[in-house]
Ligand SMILES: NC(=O)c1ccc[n+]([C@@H]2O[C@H](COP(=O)([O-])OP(=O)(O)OC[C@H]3O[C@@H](n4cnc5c(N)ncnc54)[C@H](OP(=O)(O)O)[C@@H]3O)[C@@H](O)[C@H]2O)c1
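Here's a solo chain for you in structure tokens, the form predicted on its own.
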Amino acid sequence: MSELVSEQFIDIAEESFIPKRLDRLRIGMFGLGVVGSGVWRVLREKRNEFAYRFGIDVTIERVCVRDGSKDREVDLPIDLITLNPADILEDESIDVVIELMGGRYEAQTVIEAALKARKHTITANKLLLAYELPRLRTLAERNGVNLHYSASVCGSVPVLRALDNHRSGDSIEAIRGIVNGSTNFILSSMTSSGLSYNEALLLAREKGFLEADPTLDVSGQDAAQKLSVLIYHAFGLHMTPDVIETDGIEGITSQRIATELSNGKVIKLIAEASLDAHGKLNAHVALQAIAREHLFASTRDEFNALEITARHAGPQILYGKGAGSFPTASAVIGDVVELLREQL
């Protein structure tokens, strides 16, 4: 069922909850794939720095995985690995849950349980957020904890924070950008190297920018999910991906790319949303021919770019890496830092 609802302020539950101030932040993590491994590495490297800057010792206490026998690329003590979610969710000593397992319903169960257990929660799960973001934010607020999800959109680029700031001090009229690094890598390879669609697809997979099944990316659905989250922060509306008009890149040809190049334009997959004169929200994901002088035209490979047009500030563009292990891990760590600042 499609959903488009206005953001509402939610009353806090009557039961009072005073968050504890910490000298130690204990983390339980779900998922140890590409992103999870990156988060483990960075947190281990940053532990001493965090202790110095914030006076808080940050440790990963437990990591829940689906397959305990799988070979891992990280040097993780075996006693930290569990197959039982309850070892994290029911452990009162764990302050933060980081969900990096992917998928929708299993991740939803984990996040809901973490929030109800009054654990701050960090996720990169744009699929789940695209459908459940208002409800999960309400659940976090009612339980006196925070839900962070900077890594769900545009990797290391702080687009959600920028949207929040613009919306607080201005009025956002439109957002428009390249929000899927995988498809941008494919289009860039076809444009600059003359590769066919299938050749570019294979190269993107070899570089680690695509899953074995690339459907979510190349169909435009991944971009639509991210656009849903962006819309919530830009306009205070929840528009689920199924009501966003979405086209992907499956039909792109080398001939079309060459034709547009001869006309001084570059093909990009663009996600955009805007309010019309009557306040109606229009949103879609589609291939567009971008003039060469626009920053989007030179946004290549796995990079993302988002243009925010505000009533008074006018257009501004944010740019950076949007795909890969460490850009996403960097955004997750950024959310950890936000939690650390909140403890000061």
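Predicted, not measured: the structure shown is a model, and the values here were computed from it. One-based numbering along the sequence shown.
Below, we refer to the form predicted together with the ligand, which is not included among the displayed structures.
The three marked residues, Ala130, Arg176 and Asp276, fail to reach the ligand in the predicted bound form, with no heavy atom of any inside 4.5 Å. Partner contacts here mean any heavy atom within 4.5 Å of the ligand in the predicted bound form, and among 59-67, 291-299, 307-315, 277-285 they occur only in 59-67.
Contact with the ligand in the predicted bound form, judged by any heavy atom within 4.5 Å, is made by just one of Val96, Leu163, Ile111, Leu100: Leu100. Only one of the listed residues (Asp170, Asp247, Glu106, Asp87) places a non-hydrogen atom within 4.5 angstroms of the ligand in the predicted bound form, and that residue is Glu106. The ligand in the predicted bound form comes within 4.5 Å of a heavy atom belonging to Ala124. Not displayed here, the ligand is approached by Val34 to within 4.5 Å at the level of heavy atoms in the predicted bound form.
The closest non-hydrogen atom of Ala151 lies within 4.5 Å of the ligand in the predicted bound form. By the criterion of a heavy atom within 4.5 Å, Arg72 is counted among the residues contacting the ligand in the predicted bound form.
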